[in-house]
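Have a look below at one chain only, the form predicted on its own, in structure tokens format.
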């Protein structure tokens, strides 16, 4: 399933890499369900969120500057940072 990382830049403790925000990748697998680390950082009662491993083509991440465009990078990103992507 293709997903896009949200383009949010909230202040504070955020566990989603900035260089992946707005990028499209494919869910590789579910890692499990964990407490939301953003809420944990502020000692709030955390909700449970799925952590997903998402695979990105280097060409998607770095565009024409990608040294090896067909290589991939994988990142574990919480589901609340992802939205479905339909290339229409």
Partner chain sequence: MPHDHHEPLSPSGHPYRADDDKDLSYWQVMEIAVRELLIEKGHISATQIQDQINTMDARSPANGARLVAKAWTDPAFKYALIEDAGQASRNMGFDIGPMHLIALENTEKVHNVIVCTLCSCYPRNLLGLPPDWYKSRAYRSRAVVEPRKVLSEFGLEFNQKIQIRVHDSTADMRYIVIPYQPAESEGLSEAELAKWITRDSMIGVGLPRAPA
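On a predicted model such as this, the values are computed, not experimentally measured, just so you know. Numbering follows the first chain given and starts at 1.
Form predicted in complex with the partner chain: not shown, discussed below.
Among heavy atoms of residue 73, some come within 4.5 Å of the partner chain in the predicted complex. The partner chain is not drawn, but in the predicted complex it has no heavy atom within 4.5 Å of residue 80. Put simply, residue 51 is close to the partner chain in the predicted complex: some heavy atom of it is within 4.5 Å.
Although the partner is absent here, residue 31 lies within 4.5 Å of the partner chain in the predicted complex, judged by heavy atoms.
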